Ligand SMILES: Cc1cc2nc3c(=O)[nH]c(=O)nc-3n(C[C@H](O)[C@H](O)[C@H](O)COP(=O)(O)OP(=O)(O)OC[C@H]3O[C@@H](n4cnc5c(N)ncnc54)[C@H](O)[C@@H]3O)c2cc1C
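Only one chain is shown below, in structure tokens, and it's the form predicted on its own.
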């Protein structure tokens, strides 16, 4: 072990970002994952980097900083991560949704997010696929998209190029704790020691620390997504419906007797650079269950057709789902664990992990540097 080695548990986009920014600080990250890198949530989600979906406050502040970092990464990384600043629309179905979102708009503007309220006529000029029956939309040119798998792989390639180590199929069985301090990990390949350990294990993060009296509540939330055939550019922006934000931030507004609301269905849609549409998603709490369901698929399709009848002739070719790590207060857990010196957490991003990955990596690298434990 050298003083500058840091172990990162979890090889998704969060762990890969942490490893990348540690490397940028001059450290030697050792990234371990129980399977292949990026196989779990990072490859089972959309690639939206949406500012408008973030609640005004710490999460929006983080998202705006993360967007700036994405701009830098898109220029610096070894290949195209498909970062595109396409702008985004929040779709409003009725006056009630408009009233709620108008208030959110004002709060978001105080944090520097530029947003604009559009009539449905104005919105359809931007997106002709939209229904004429919608109330309107809110537009921001700050919303973007990225390919999460490409980001993860590009970050890892840069880490390895500069001397970092990546270890797939390495299951972490326990932390290595001596005199109350975390000094490494125990794996199916033996013990590994380092001056600091970062826990970026997503929905499994708490299981690694529970036996030591630290067990943050992280709930897996299933999101089902549809993938269409590839076709010429048609959906020009990132689009989310206001009911997606209601399911996320205002569940009290939902009607649990409706299947759409019971499944937490809210439309999120983007067209990738390769032409497919990614259409989500459900918001379900079903434990460690990544299966897709007929009910979920049908409700997603039904709702997107209500909002965007112009897409009715597009064929869906497959579906998938992933588990997002949700915390009780909706904010990610970032930073050192007081109860376990030497351990840092980078988890609990729920559906914001893609958008917040770069800023998470930078924050963790900065925090570890500030402790002086690697000096």
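Bear in mind that the values here come from a model prediction, so they are computed numbers and not experimental data. Positions refer to the first chain, counted from 1.
One more form of this protein should be noted, the form predicted together with the ligand, which is absent from this view; the next part is about it.
Colleague: Work out which of 156, 218, 172, 277 lies within 4.5 Å of the ligand in the predicted bound form, going by heavy atoms.
Modeller: Only one listed residue qualifies here, and that residue is 172.
Colleague: Among 316-324, 303-311, 61-69, 330-338, which stretch has residues with heavy atoms no more than 4.5 Å from the ligand in the predicted bound form?
Modeller: Of the options given, it is 316-324.
Colleague: Heavy atom to heavy atom, is residue 202 within 4.5 Å of the ligand in the predicted bound form?
Modeller: Yes - in the predicted bound form, heavy atoms of residue 202 and the ligand come within 4.5 Å of each other.
Colleague: Using the partner position in the predicted bound form, report whether residue 208 sits within 4.5 Å of the ligand, counting heavy atoms only.
Modeller: Residue 208: yes, in contact with the ligand in the predicted bound form.
Colleague: Can residue 13 be called a contact residue for the ligand in the predicted bound form at 4.5 Å between heavy atoms?
Modeller: The answer is yes: residue 13 has a heavy atom within 4.5 Å of the ligand.
Colleague: If we define contact as a non-hydrogen atom of the residue within 4.5 angstroms of the partner, is residue 225 a contact of the ligand in the predicted bound form?
Modeller: Answer yes; at least one heavy atom of residue 225 falls within 4.5 Å of the ligand in the predicted bound form.
Colleague: Each of 34, 48 and 351 near the ligand in the predicted bound form, meaning some heavy atom within 4.5 Å?
Modeller: Each of the three qualifies.
Colleague: Within 263-289, which residues have a heavy atom closer than or equal to 4.5 Å from the ligand in the predicted bound form?
Modeller: Only a single residue, 281, comes within 4.5 Å of the partner.
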